[in-house]
Structure formats: structure tokens, C-alpha cells
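Here's a solo chain for you in C-alpha cells, the form predicted on its own.
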Amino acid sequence: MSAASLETLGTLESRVRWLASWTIHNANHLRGADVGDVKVGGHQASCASISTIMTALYFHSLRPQDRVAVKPHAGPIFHAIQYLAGNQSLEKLQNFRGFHGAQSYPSRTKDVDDVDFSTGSVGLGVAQTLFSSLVQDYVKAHGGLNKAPEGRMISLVGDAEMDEGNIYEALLEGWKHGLRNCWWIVDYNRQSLDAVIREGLWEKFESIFRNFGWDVVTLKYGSLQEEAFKEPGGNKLRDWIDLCPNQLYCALAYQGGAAWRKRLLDDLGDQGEVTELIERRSDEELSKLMCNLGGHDLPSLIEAFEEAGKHDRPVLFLCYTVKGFGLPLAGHKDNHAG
């Protein structure tokens, strides 16, 4: 992909993230403020963590025949994308979570912007995509598709959403019936409403899905990080990232460049090359580097989606992200609803 195209996608991502955040902020702090309306909630951090993934999908990788189940807490990102595409109105965004406004969770019956799957219940959209893919195979086997192309059934999943038992019941059924054309994309931001995700959970996901015949694509490092790893001392920085506990990584993402620098130099200082790698970067550059995880890197996402699009096997994408990415509350322990 050309540099100009990536720049355009980056601009779209920024606008989508801003519009989704504004939609929630408007509903809670601006609309009805003079009459003391109660806050209606929303999930700004959960939206921000998946903004890059949804930008790569909707503005580059999706085909007309593909269908997507958007994770419930990313509804405002979906509405923002549809607004930019001309399929959602400003009035409905202004009335988000209000009567006849854009719905908190994507709804086929209540939203106007062409929702593929209603995902109001956590975990429901994930299972729907798997069974929809099996139904598509059944319809094709009975001549019902005619010459229409097969679509890919895609679910955007929160990492804590993977706790839902119906997901694993569906996984077993998919294995029984030779599942094809199904992608599950996990927003692995490692923070949920009530806890930081347990260490090493990604290894369990990899093992479970591979045992059921899925391809597993882990997007942990962004292109900035990959380039830094090639510098002298970069291998030590990579090792530090791999060993860093989830809770600490989230906290440093919130605290910013100076905190990253202090912690990295405390842990890796006086080691020559890696110290120089860190010191060559300003606080802003260092923060950008450390938050450049695979789920926030457009080139990495697009390359992974294009490669997986060459076959019809089911794929689990495990995308490392920062919850609240691009917002002042990124990584904060209370960023879900506090």
C-alpha cells in the first residue's frame, strides 16, 4: 500500500475515533445538561482500542459480500464509520442512546445504518458469524447461492468477551462441520470492566483454536516496534515488552513518555546499545513507539487481512491494543466506565 493511501486511512481512523468519542461525550455531558439529564453511559475506551482494526476493515479489506458482527461496546465506532459513508445521520448520533437515536449496541431492527448482526448480548455476535458461515455452505450446497460469491463472516470480539461459554460451544460445532470463511478478530486490550486480563491468556487462545483447526494470527508488534527491534539493542527491548505484565503496560501507556523512559532505563539502563535506542527518542516518540502495538498498526493489519484473504480457512486474529488508544484516558484503570 502506498504512503499516500496509508496517510488517508490514518486520517479516517482519527476522524472515526473522534466522532465516536464525541457521540458518547455529547450524550453524557452536553445533551440535556441544562435540564439535569442523567448520564446514559457509553464505552469510549473500548471504542478507541478497536478504531484502527475497524478502519482497516471497513475502508480497505471488506468486500460487498462480507458480513461483520461488531463487538457491542464498539457500536459508536460503527455508527461513526457509517456516518462518514453517508448511511447514518447527525441527528441520530446527537441522540445516541436516546429515543429513536443510534443504538448503544448495533441493532438490525432499531438502527438505520445497515447492521449485519445484532450484538447486544456479549458473545452472541461471535457465535452468529460461525453459524452463518455454516448456513452459507448449506445454501451453496443446495444451489441457493447461484453464482453469487461467498461472503466472509467476521466477528470483532473484546478479549473479556471471550469468557462467554456459547463461543466455545460454537467453536466445537464449527470443527464438526468443517467451518470455512470465518474470521474472529480479538481486540486484545487486556482491560475489562472489572479487571486486567490474566497473564498468558493469549497462549490459551492459541492452543484452543489451533486444536480446533483454526489458523491463529498474532499481531503483537506494530511496524515502528519492528523497526526498533532491528536497531542495536532492539532484541532487549523486545524481550522487555514480552515479559512486561499487562497491568504495568496499561499503566505506563496512561502515564506517557516520561514514565516509559524511567521504567525502561531502570530495567534496561547501563546496557549500552538499548540505552542509546531509548535515549535517541523524545518522550513523545518513545510513547508512540511503545503504544505501536499490532492492533494499532494499519500496515500490519492490512497485510494480515490480505494474507488471510487468500484462503477460506477459519482465522483467529489476536490483535494487541491499548484500551483508550489515542485518548487521554488510554490505559487508565478506570477507563471503561469509571
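All of these numbers come straight from a predicted model, not from anything done at the bench. Start at 1 with the first residue shown and count on from there.
FYI, the form predicted in complex with a small molecule isn't displayed, but the following is about it.
Residue-level contacts in the predicted bound form: of A259, V122, A170, L268, one residue has a heavy atom within 4.5 Å of the small molecule, and it is V122. For the candidate set S223, S192, S107, S207, a heavy atom within 4.5 Å of the small molecule in the predicted bound form is found for exactly one residue, namely S192.
Shown alone, this chain has one stretch from 154-162, 139-147, 107-115, 246-254 that lies within 4.5 Å of the small molecule in the predicted bound form by heavy atoms: 154-162. Contact check at 4.5 Å (heavy atoms) against the small molecule in the predicted bound form: none of R17, S51 and H296 pass.
When contacts are judged by a 4.5 Å heavy atom cut-off, K71 counts as touching the small molecule in the predicted bound form.
With a 4.5 Å cutoff on heavy atoms, S300 does not count as touching the small molecule in the predicted bound form; it lies far away. Contact between H332 and the small molecule in the predicted bound form is not found at the 4.5 Å heavy atom cutoff. Though the partner is left out of this view, T55 does not reach within 4.5 Å of the small molecule in the predicted bound form, counting heavy atoms only.
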